[in-house]
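One chain comes next, on its own, written out as structure tokens in the form predicted on its own.
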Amino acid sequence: MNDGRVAIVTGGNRGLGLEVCRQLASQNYRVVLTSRDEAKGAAAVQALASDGLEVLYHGLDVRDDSNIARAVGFVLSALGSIDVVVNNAGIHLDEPVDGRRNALVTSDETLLHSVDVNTFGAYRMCRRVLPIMENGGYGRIVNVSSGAGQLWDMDDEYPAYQISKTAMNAVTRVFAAASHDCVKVNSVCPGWVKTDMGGPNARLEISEGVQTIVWLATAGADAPNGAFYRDNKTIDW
């Protein structure tokens, strides 16, 4: 039973984030959908409402710690707790330069922007919510990473994205180590999913891509901590 637990989903206005909001709300979680684009976020909440799902909205730019603090304050004021955070907000900026797309041509701007959103965004959220979860005696943090960030099988096709997701996995490990037993922090590779980022030829439907994310977000007392998952199974870092 989730007992009306409160979940924050970043980057919730479309794709994986929106579907996570849908599935958690369907399981009676009190969900706060957040996004940087407030118009798109509000439209996503309205779409969920048309399906009979009550979800709150708050604007959130994970690049801004003060913005995160305001969103966290809103959730605590409106709902009284924060039990689940899905760090889904992410960007993929790598583009070819003179016909090449590798570490030799990736700009500092692309790399820094990617890390700011994909890595530091998750770090900032974890830093804000972990003490709240520990005080409440319960927490689940799911960082939506990628197989592109696995060190064991890395090329240099999308260096900014890959480096940012590898570093996001490090965020998972350090906060899992810092957490008490009541809070579980894990990374997920959703697989190749038919999102705006994944494209129409991807193997998985969005509802399939969120399965492991939702599983970890709703896992019970025996939930893992500090691991990397795909298809409900651990994978190599």
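Note that residue numbering follows the sequence shown and begins at 1. Since we're looking at a predicted model, the values are computed, not measured.
Heads up, the form predicted together with a small molecule isn't pictured, but that's what we're talking about next.
Using a 4.5 angstroms heavy atom cutoff to the small molecule in the predicted bound form, none of R5, G136 and A219 count as contacting.
Proximity to the small molecule in the predicted bound form, taken as heavy atoms within 4.5 Å, picks out 161-169 from the listed stretches 101-109, 125-133, 161-169, 70-78. At a distance threshold of 4.5 angstroms between non-hydrogen atoms, R63 is in contact with the small molecule in the predicted bound form. Contact annotation for H180: none of its heavy atoms lies within 4.5 Å of the small molecule in the predicted bound form. Mapping the unseen interface onto this chain, V84 falls outside it, with no heavy atom inside 4.5 Å of the small molecule in the predicted bound form. Although the partner is absent here, V142 sits far enough away that none of its heavy atoms falls within 4.5 Å of the small molecule in the predicted bound form.
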